[in-house]
Structures are given as C-alpha cells and as structure tokens.
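For reference, the chain that follows is the form predicted on its own, supplied as structure tokens.
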C-alpha cells in the first residue's frame, strides 16, 4: 500500500505550499539578494545616491584591521559558547534522565531560560556580575579580585560567553533529553550485565546513539552563536570595551546603523552568511560521516 499523498487537483499541492514559499522569498531570499546587490554599491548615508563600485567594498572591508579583529573575537566567542552550551546541556540531560523524585519539576525549571528574551537574559547577568550593583561582582571586588567587565576586555568577553551559553543550554537540554529517552533501555542494561562501567556505557553506547542529536545541535548552535547573540552583546557590553566583544553580527549593526556605512555593512552580511554556509557544508561533508543513524 502506497503512503504517498495523491491530490485529485494538480494545482492544489502548489497552492498549499505557496504561503510558506512566499514567506521564505520575502523574508529570506529577497533580503539576501538585496544585501548582495548593496555590497557592490557605494551609497550616501540616506540612500539617495549610489554608485556601482564592483568589489571595492569587499576589498576595503576584508583588509580592515578592525574587521579582522572582529573575526577573531567571533571565532573565540562562537567556539566557547558552543562548547559550554552543549556540554552543560548534555550533563543536565543525563542527570534529568535518571529516576529521581521531582524529575518533572527539574525538567520544567531547566527549560524556562529558553523562553527569556536575550535582552532580559543579559539584564539578569548584569545584576549578577556588575562590579557595583551585581551580587557576585561586588563579592569578587571585596575579596581583592579586580573584576570590572566595563573596563577589562577579558572579563567582558567571559561575561557575554556565559550569558549567551546560559540561554542556549535549555534548547540543548530539551533535545539531548529527548535523545536519551529514545535509547532502548535494553541496550544499556545488556552492557551493564556484560560488565561495562558507567563511563564505558556512556562512551560506547549512549553517546554514539546520540550522534544524530549532537550533529543537529552542533549546526543549530553555530547559527545561534553567529547570529542570535546580538541581543545579549548589545544589552551587556555594546561591543566594548575597546571592541573586545564586537562580533561579526554586532559589527554589521555598528557599521550599518550607527556609522551609516551601508555598502560595508552589506559586505559584512554577505561574508558572515558565506562563513556559516561553509561551516555547515563542512559539517555535512566530514562530521556527518561519524553520525550513526
């Protein structure tokens, strides 16, 4: 028996898909095409006059030392956020998957941070780590630790990494927990009967069976670290101090909205999109080979 849907009207499937395709075209492909076109133009701040300059904007941006510095900051920031958010999410999922009293309450509390807006999440961490009004920040200063993320670039980068990773932990936790609950208990029990310890059971059985979930979350977290962390950085540090936390996505905003460099901002958007596409393609080409479905 065939499970393929058969429509009596050939036009009906296209009509059903049309609303979603319209959304994709208007909100994804059309802005992307505009960015590519704008990257080849030199415009005045008000967008009234433009001049076609070919790849002059690309040459100017890619040789700018401030842009290269933002690229280095983004790589450090992205690697740290991805590693921290995924590892903590996995650890929490492993502990929540155990049979303990009140497990439902723990799971609900661990999911809540994902519902918090980035600006609100940044404000929460500000009240914790601010050197004068933050609870932990004042404690560090009183104990002789010269903590001040408003002046120290390393402190600022550490704070935005923690804040961005904390918000993403809940998302990773949900998927890791679902992946753990989908593993047949008989496999783990059989390994325990054969004498495998808890570490061996995790690395030899559980973690390989979680590889599809881990691969999916790796791609999602890369996109999150490159694009969705703007709100956290804007609310906490605004790219400072001294551009220490100015990632690529925040530099697009700084050059385009504040400095009104429309061509340079469009170039940075195109480059950032290309970087994420290349990283995703590399993952599907090489990392997916180690995924066991």
Partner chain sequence: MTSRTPVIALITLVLAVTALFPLGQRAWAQAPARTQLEFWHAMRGPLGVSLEGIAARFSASQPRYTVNATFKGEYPDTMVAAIAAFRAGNAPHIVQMFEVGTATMMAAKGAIKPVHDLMKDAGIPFDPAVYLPAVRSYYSSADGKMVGMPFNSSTPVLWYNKDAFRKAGLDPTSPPKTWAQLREAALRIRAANASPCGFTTAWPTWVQFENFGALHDIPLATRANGFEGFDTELTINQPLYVRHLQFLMDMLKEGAFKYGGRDGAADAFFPSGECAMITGSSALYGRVAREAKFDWGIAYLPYYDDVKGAPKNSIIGGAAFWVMTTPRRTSDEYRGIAEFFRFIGSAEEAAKWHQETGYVPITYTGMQLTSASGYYQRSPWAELPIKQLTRTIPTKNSKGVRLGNMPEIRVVIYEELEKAFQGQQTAQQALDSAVRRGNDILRRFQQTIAP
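Numbering follows the first chain given and starts at 1. On a predicted model such as this, the values are computed, not experimentally measured, just so you know. Rigid core: the largest C-alpha set superposing within 1.5 Å between the two forms.
Just so you know, the form predicted together with its partner chain exists too; it's not on screen, but the next bit is about it.
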message: Heavy atoms within 4.5 Å of its partner chain in the model of the complex: which stretch in 181-189, 151-159, 198-206, 116-124 meets that?
response: 151-159
- request: Taking 4.5 Å between heavy atoms as the contact cutoff, choose which of 282, 15, 24, 274 touches its partner chain in the model of the complex.
  value: 15
message: With the partner left out here, check for me: in the model of the complex, does some heavy atom of residue 61 sit within 4.5 Å of its partner chain?
response: no
message: Under a 4.5 Å heavy atom criterion, is residue 257 part of the interface with its partner chain in the model of the complex?
response: yes
query: Is the gap between residue 33 and its partner chain in the model of the complex 4.5 Å or less for some heavy atom pair?
result: no
message: Given that its partner chain is not shown alongside this chain, does residue 262 nevertheless sit within 4.5 Å of it in the model of the complex, heavy atom to heavy atom?
response: yes
field: Heavy atom contacts to its partner chain in the model of the complex at 4.5 Å, residues of 106-143 in sequence order
entry: 130, 132
field: Rigid-core frame, C-alpha of residue 257, shift of 2 angstroms or more between this form and the one not shown
entry: no
query: Superposing on the rigid core, is the CA of residue 55 displaced by 2 Å or more between this form and the one not shown?
result: no
